[in-house]
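The chain below stands alone, shown as structure tokens; this is the form predicted on its own.
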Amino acid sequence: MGLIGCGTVGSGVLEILHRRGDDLARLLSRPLRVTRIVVRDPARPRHHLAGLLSTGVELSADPQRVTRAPGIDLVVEVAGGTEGPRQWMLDAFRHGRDVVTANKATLATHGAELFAAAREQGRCIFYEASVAAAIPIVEMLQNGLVANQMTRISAILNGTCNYILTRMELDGMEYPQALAEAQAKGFAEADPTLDISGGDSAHKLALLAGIVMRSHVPVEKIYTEGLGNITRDDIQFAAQFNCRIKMLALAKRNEHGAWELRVHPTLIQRDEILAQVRDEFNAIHLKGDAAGPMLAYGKGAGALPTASSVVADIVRAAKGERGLFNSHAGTLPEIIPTEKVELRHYVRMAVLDVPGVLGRITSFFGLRHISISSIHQPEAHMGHPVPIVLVTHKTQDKVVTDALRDLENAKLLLRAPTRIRIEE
């Protein structure tokens, strides 16, 4: 086989193949060998790979040495990026190779083209490592739960966001400090934008929803909101409501077969199972019509957890598993716009503590026929800023958005409000 990329994950793949090589060879009745590796600079010393490479492994900067060269029967893509991997996968299919990839961004963005090209050439894409690293959720949905009509996916799919929220809750950190610690410990990239914006979770949710819906799910169909507005105040208010804040990826099917697809910070009760997931761990809570609810939990990032799933896919390919050729070929069901979804909402606003301000604020909600479940206002000194937190009853999302816009236009707030949706 050929390996494109030999960074963190690629090195992890080589380490596992070296460590488990004899056992995997016995399982398959033949050895698994990497014979070509594509890297940016083949001449650069790679002392960390000492002892992991078989004799005669070719290092090259040319991806076609893997996608087209004779003797390569499987392409393993762990290089990252989007457009390059798209081209390499298409080239591999055209030249009769199956592909193993950990690249959720490429599959979420170009999945319709890539899965169609694989079908046309009679090839397979194996992509377990693209979602939740070590957790075998793709295998569960494609095979273990194929008898079910899945009706709900509620998931923590980004370890960076979960680590940040855990530190904010347990250590009282503000968001920038928690993000800096996540970066220092290697749980967040130097540029964490894709993680904290919700984009990474949306890519993963698109892949999971695609399996469940038997169709490519365009990532732009997923409502996505980031973590940047969450403060320590929100964490503390959530605790008063016996809740925690988690960045959730949600797919929910209604009785008519239409789906909600959302990624955003979410208030959930502390006794909910996803509320117990801490630090960089991921968890996926599923509900099927036959199996009922179940949870998959484990490490959602890191070299060896991700490489574990890459190697599992390599073994599947070596065993001749062909996957589900039509798993992404169906018609996309109706996607319900988030603005039409009815949810409870937490709204935090900063105002000056002056007579009548609370009444004026609640009147804007009343004009939109928004029923308020509770109001929380800490004691403050007259004329000083104070936070006000409202919790609504179930209300259409757009109606709350419109009410908040009205409030901002009325110049009653000291800064933009923070709205967090509540899942029950």
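In this text, all values refer to a predicted model and were calculated from it rather than measured experimentally. The first residue of the shown sequence is 1; numbering continues from there.
Below: the form predicted in complex with L-homoserine, not depicted.
This chain appears without its partner; in the predicted complex, the one residue of G198, P85, G111, G159 with a heavy atom within 4.5 Å of L-homoserine is G159. The putative spot formed by K104, K204 and G300 is fully lined by L-homoserine in the predicted complex; each residue has a non-hydrogen atom within 4.5 angstroms of it.
At least one heavy atom of F187 is located within 4.5 Å of L-homoserine in the predicted complex. The candidate stretches are 249 to 257, 187 to 195, 231 to 239, 333 to 341, and the one lying within 4.5 Å of L-homoserine in the predicted complex by heavy atoms is 187 to 195.
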